[in-house]
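Taking the form predicted alone, here's one chain by itself in structure tokens.
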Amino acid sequence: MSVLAIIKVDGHEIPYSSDEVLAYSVDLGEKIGEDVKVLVLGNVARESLEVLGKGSVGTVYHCPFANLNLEILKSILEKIGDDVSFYILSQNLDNNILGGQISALKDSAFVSNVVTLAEREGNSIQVSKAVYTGKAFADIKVEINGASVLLVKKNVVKPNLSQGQEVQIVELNIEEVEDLNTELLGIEQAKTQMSLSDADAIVSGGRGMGGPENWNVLEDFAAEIGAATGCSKPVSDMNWRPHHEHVGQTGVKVSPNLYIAVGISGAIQHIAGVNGSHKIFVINTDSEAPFFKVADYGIVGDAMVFVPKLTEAIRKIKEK
């Protein structure tokens, strides 16, 4: 039996989140005494597959299709075989659907929002998952060898795997077949600098920014620290920013190492979508803004004054 880490290519690159998925899979494989294999979905160069030789990863399956219908997914799972005890994916909207489909096809357990490493208990493992928008946790016991699907949230494990191992790359020759019920009409790639789900740092703006004409202040700051940009729901509703940047319970749920909220008051729905972040930094002119109650760091001040100064200070430090 084996643990299968599933990685979906972002564009033509292996996403940042792949290291965490690999590290989680290797840790689980060691605890239950099973090999670790990887399935990469999407068109990517062979060199990118070879660098996945980390930890105890021995085999990398590759399918060039990133957007799967059920017929293609069935073919992939049949070619990989039934010797998989756990399918491991990172937590995001796409994988929520993919994981659910695998669970349905395998008639197996499906656990999303996993926030802990697995602990073995006899013939089972136990993990904790976030529930009630992260305000509580549920302990889940899953049998080993049950072909179970685990979706793991960001920051559960620190990737620290040995690298450079030789891996066997297996190209899955899958015939592209049409789904009987749906037809893919096209793909429109969001023009953001990086995926919000994969970003280590996110700078988000709210109505406190005053208008879309001021967003260059946040974009300059984000570029300087290598962060993605997001926004609150009111901002996307007013078309200041595109809807795919909407962060929160009703938008993209994120859990970066650093979340910086600028001019966002902190509505319950927004906080519920970011409370998995490792550190939260809030900048707001209103000292009574609810966001300060959940912040690790905060500054009461005008973003249009403070953020450019912070950007300039970071730029000078980097130039030294």
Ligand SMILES: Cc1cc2nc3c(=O)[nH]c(=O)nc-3n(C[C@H](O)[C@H](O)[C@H](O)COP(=O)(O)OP(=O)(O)OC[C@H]3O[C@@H](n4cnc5c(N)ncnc54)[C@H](O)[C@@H]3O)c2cc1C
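Computed from a predicted structure; not experimentally measured. One rule holds for the numbers: they count along the sequence shown, beginning at 1.
In what follows, reference is made to the form predicted in complex with the named molecule, a form of this protein that is not presented.
Placing the named molecule by C-alpha superposition of the site, using its position in the predicted bound form, leaves the pocket open: no ligand atom lies within 2.4 Å of backbone or C-beta atoms here. For the three residues L28, G33 and S162, a heavy atom within 4.5 Å of the named molecule turns up in the predicted bound form in no case. Residue-level contacts in the predicted bound form: of P212, P234, P242, G100, one residue has a heavy atom within 4.5 Å of the named molecule, and it is P234. For the candidate set L49, A267, I280, A66, a heavy atom within 4.5 Å of the named molecule in the predicted bound form is found for exactly one residue, namely A267. Taking the partner from elsewhere, A295 is found to have every heavy atom lying beyond 4.5 Å of the named molecule in the predicted bound form. Shown alone here, P256 lies farther than 4.5 Å from the named molecule in the predicted bound form, counting heavy atoms only. Contact check for D302: a heavy atom falls within 4.5 Å of the named molecule in the predicted bound form. At the 4.5 Å threshold, heavy atoms of T285 reach the named molecule in the predicted bound form.
For the named molecule in the predicted bound form, the listed stretch (245 to 253, 88 to 96, 219 to 227, 109 to 117) containing residues with heavy atoms inside 4.5 Å is 245 to 253.
In the predicted bound form, the named molecule lies within 4.5 angstroms of at least one heavy atom of each of the following residues of 197 to 226: G206, R207, G208, in sequence order.
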